[in-house]
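Encoded as structure tokens, the following chain is the form predicted on its own, with no partner shown.
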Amino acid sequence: MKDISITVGSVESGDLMVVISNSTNNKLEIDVKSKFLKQYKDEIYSIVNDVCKSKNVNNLKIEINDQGAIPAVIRARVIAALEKWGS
């Protein structure tokens, strides 16, 4: 188990920051902060869950600070973070 976190992306407009760390309860934990959460909450969670499922990730904490990223950017950032983590 790694005692570190991985950060990918930025908090600039149209981007998002993804921080991955160990889950404290050995489950997939997804926490999304976004000013667009009311509009896109389900889509953001769906994208993150789909990427995690495709990478067989089920026990990490994934924190997302969205600044209005489009779905392709969300997917790319989560994939990059998971690959940087080593998943």
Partner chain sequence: MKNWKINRSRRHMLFVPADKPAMYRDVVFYKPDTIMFDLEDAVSYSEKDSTRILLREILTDMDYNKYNIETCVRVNGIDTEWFEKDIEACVQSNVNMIRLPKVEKVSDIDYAVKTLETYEKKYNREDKVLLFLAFESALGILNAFEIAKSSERIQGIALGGFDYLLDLKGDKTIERTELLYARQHLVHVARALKLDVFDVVYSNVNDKDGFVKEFKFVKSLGFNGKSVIHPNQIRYINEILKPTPDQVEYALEMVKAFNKSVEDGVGVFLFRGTMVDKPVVEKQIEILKLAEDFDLVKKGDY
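Residue numbers count along the first chain shown, from 1. Small disclaimer: the values here were computed from a predicted structure and weren't measured.
What comes next is about the form predicted together with the partner chain, which is not displayed.
- Among heavy atoms of N25, none comes within 4.5 Å of the partner chain in the predicted complex.
- Interface residue remark: I6 is not counted as part of the site for the partner chain in the predicted complex, having no heavy atom within 4.5 Å.
- Remark: A72 counts among the residues lining the partner chain in the predicted complex, judged by a heavy atom distance of 4.5 Å or less.
- Residue contact with the partner chain in the predicted complex: I79 places a heavy atom within 4.5 Å of it.
- With contact defined as any non-hydrogen atom lying within 4.5 angstroms of the partner chain in the predicted complex, the contacting residues in 12-26 are E12, S13, G14, D15, given in sequence order.
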